[in-house]
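Encoded as C-alpha cells, the following chain is the form predicted on its own, with no partner shown.
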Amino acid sequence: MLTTSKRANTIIASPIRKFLPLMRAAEQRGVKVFKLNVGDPDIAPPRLLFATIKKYHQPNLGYAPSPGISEHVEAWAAYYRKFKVELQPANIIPTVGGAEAILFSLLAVADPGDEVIVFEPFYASYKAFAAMSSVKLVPVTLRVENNFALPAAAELEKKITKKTRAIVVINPNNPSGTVWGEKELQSIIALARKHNLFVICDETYREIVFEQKPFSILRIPAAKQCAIVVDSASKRFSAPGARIGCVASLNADIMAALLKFAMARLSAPTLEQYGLIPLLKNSTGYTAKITAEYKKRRDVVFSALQEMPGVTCRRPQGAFYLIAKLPVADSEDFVKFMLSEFNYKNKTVMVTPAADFYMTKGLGRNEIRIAYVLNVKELKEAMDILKRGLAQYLEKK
C-alpha cells in the first residue's frame, strides 16, 4: 500500500485557515462574517507598487538571479541603513515571502533531529517548516498574565541541550503583539554566544510598533555572527500577495548556505522585486501612516476585550494581533459555535483558536488570536458581536 511520508503525516493544518469551510457555509446562509482570523490587511498597498510594475518594459519575463535582482537587493540594504544596520548585497537574499526565509533559516542551522528553541505562543508556520525539515522545536512558555515576558536566563538555559542549534525570536510577535527591546534581545544574544547557537530573528512587523521605535537585532554588535534575520515586505506594505521577503545575516557561512538553497529554488518573483524597489527606499512615509491606523484599531479591540467578563489580555505593543484568554474550556469549539450556530443581526465573527500557536500540549486551548485588520467602524461592530456570542456560548454551556 502506498503511504505518505512521516513529514506529511505530522505537519499541522493551518489554524488560521482550517475553518474556511465553516466560514463559507455561514456566508452561503447569508451571514456576514467579520474576519479577524488572518493577517491579511484591508489597507491598500502604496500605489507606487503597481505603477512601478506597470513600467516593466522587458520583452520577456525571465528568471531573476538567485541572489536577487541587484537593484532590489541594494534597495533592501538602503532600507536597513535607516535602522542603523549596515549590510552589503552579499548579506541579503530575497525570498518568496517571509515563509521561505523561515524555511531556509531552519535548513541552514539545523540537521534532522536537531533542536531549535521557540518562545510559545509563536507563529504556527514554524511548526510546519520544522516538520518539513525534521527539526524538533523546544518550547519556552510565555504567559498572557505577565505580558509574555521573557524568563530569567537561567530558566531559558535549562532548555539547551547538545542538540540545540538555534533560538527563534519573533519581534514584534505574531500572535501576541509583544515587542522586546534591546535589553531583552541582548540577553538572548549573550546566551546564544555562550552556547554557540544561532538566533533566528523574525522581524516581519519591525515598523509596526506603537510605543517604541523600530529596532533590528542586527544593530547589536554581539549579534553580528550569530543572528539571522527573517524579513518580509508583506505586512509593512500591505502586500502579502506580492510574496517577497528576504533573509539577512552578517555570517558569511550562513549566507553561502542560503545562496545554495536560493539556487535550488531558482528565484524569487521578478516583477515584485522590481515593484518593491522604490518602496524599500522610501518606506517610512507609508509605514508611519499604517502604524498609526493599527494603533487605533488595537485600542478598539483591547478596550472591548477588557469589558468582557472573564477575558484576560494584555495591550499589544506591535504587529496587529493579540492573544486573549477566554472563560471557555475549548476555544476551537467556541469558534465553531460562532460560525455555525450564532449570529447577531445576521452577522458573526471569525477568530483563530490559539492552541496551534503552542508546542506544549494543552496550552492555548482557552485562548484566541485576534487580527485587527478591519477598519475601526467594523472592528467596533465585530467586538460587540464577539461579546454577545461569548455570552450566549457560556449560557449554552
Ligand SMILES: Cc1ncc(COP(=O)(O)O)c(C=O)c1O
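Sequential numbering from 1, following the sequence displayed. It should be emphasised that the depicted structure is a prediction, and the values quoted were computed from it without experimental measurement.
This protein has a second form, the form predicted together with the named molecule, left out of what is shown; the following refers to that one.
Contact with the named molecule in the predicted complex, judged as any non-hydrogen atom within 4.5 angstroms, is confined among 284 to 292, 249 to 257, 152 to 160, 204 to 212 to 204 to 212. When contacts are judged by a 4.5 Å heavy atom cut-off, L185 does not count as touching the named molecule in the predicted complex. Among residues of the shown chain, F104 is not one whose heavy atoms approach the named molecule to within 4.5 Å in the predicted complex. Within 4.5 Å of any heavy atom of the named molecule in the predicted complex lies no heavy atom of Y79. The closest non-hydrogen atom of S133 lies beyond 4.5 Å of the named molecule in the predicted complex. The partner is absent here; in the predicted complex, the one residue of S216, N174, Q273, Q317 having a heavy atom within 4.5 Å of the named molecule is N174.
Residues K235, R243 and Y321 are all found to lie within 4.5 Å of the named molecule in the predicted complex, as judged by heavy atom distances. Contact annotation for 103 to 131: a single residue, Y123, has a non-hydrogen atom within 4.5 angstroms of the named molecule in the predicted complex.
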